[in-house]
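Single chain ahead, by itself, as structure tokens, in the form predicted on its own.
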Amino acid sequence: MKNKKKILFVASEATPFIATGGLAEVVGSLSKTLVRRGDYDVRVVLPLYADIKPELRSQFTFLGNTTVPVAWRNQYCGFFRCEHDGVTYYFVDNEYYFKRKGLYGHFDDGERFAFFGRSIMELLPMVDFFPEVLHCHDWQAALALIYLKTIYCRTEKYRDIKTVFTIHNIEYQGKYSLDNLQWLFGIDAYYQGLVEYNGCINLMKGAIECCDRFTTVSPTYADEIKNPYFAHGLDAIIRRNEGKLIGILNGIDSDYYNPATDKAVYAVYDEKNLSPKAVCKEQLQRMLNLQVRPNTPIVAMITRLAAHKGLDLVTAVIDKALENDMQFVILGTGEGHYEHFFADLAARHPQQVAAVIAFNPELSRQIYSGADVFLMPSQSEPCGLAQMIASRYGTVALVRETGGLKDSIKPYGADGNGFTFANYNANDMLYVLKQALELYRDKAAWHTLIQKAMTTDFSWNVSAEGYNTLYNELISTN
């Protein structure tokens, strides 16, 4: 058997161990999909957070410990190992940095992830795994790549490692004042130009400059971030390095998100037998104290309650939309004024609107299975997974044409699997929503559309092929 291609993922979260959002699903799903191909040895390095559940931690094996330089400090570093779905996971242990509640938002995040990035380089000789490709995700992993290219590349075993950096959300870049260059990050002044941007350290910028290739999570988002409107100040850097840029659309774990086997839903079904979906709808209406009306479409949102998710469009026209025969369900937490708005909306329309201000994965799958239309009018969306999950459950997505929403959902028609609108405009959204509600009355057409949505291949197999091509191109240059 030929030698397997060695890939090392560096990320701040990954399912099933620790997750706050889509980054974790990408790392967890992509790694195991590559392993299933049979020609990859994929390993993942994560911080050993206190929030990792004890039943998962009990599966970890202690490998050993060392000290890791963090600028002028030497810090204890322990390493643990675990196998899951054919993927080897390593966990970096330092209780001072990671034995805290929550993953991000601490005053010393820069130092925490500097330690994490440097520890990756110290881990490789300990486990005798020098990857052909080091694949780092978002700014929290950027320093592993920067340290490789500025410090460790002078050592033979590190010299030929190719690097990929993936931007999951360009809004979060890892910005710090320049006086931290050597004192905090241990980066020699000679390399200041790599990480300096607009008068400060920008770790995402440094990773883009240092990497061999960088990716985003959809082709459209790769184009959008060349534009100042989407790039949060990095558009000039993106354009300067666009020859290294590629957009690969994320996928979803189609085994986990499967209405034919999902134990969270009230009745299982597939695209060949949709009748149990009516049971899911009725039970959802009962659970949320909505009027049980089988022929009234449920429009749903499962989202972070934040402005860029298009909630200003929704709040502008939702009362007008509710004049139609429809029900509205929203699940999520976030900005207080949105939480209050939707709670008040539900109080004013108790049999027509349900607002659950919570994070509840089980309820989310019950909503995916019981709703008819899934609304996702984002102002910006690098990829988005919810529209794919909704489609998998036969809930027709209605999205704005941005980022991965544009790449995954095509407008109703010969090849369409949902509904779309282009302009960031509340009335445009409302117009298309009314089109969807009207088509819902045509049961035959709606049934066909549901089947089209459910049979669209959003699996990681499609996305993994894009990464396979990228890795092969890089490895072949060694």
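So that there is no doubt, residue numbering starts at 1 and follows the sequence shown. Everything numeric here is computed off the predicted structure, so don't read it as measured data.
Although not depicted, the form predicted in complex with a small molecule is the subject of the following passage.
- Only one of 140, 202, 391, 250 comes within 4.5 Å of the small molecule in the predicted bound form through a heavy atom, and that residue is 250.
- The contact residue chosen from 379, 163, 352, 169 relative to the small molecule in the predicted bound form is 169, the criterion being a non-hydrogen atom within 4.5 angstroms.
- The stretch from 40-48, 22-30, 438-446, 414-422 that comes within 4.5 Å of the small molecule in the predicted bound form, counting heavy atoms only, is 22-30.
- For residue 385, a non-hydrogen atom is located within 4.5 Å of the small molecule in the predicted bound form, even though that partner is not displayed.
- In the predicted bound form, the small molecule sits within 4.5 Å of a heavy atom belonging to residue 217.
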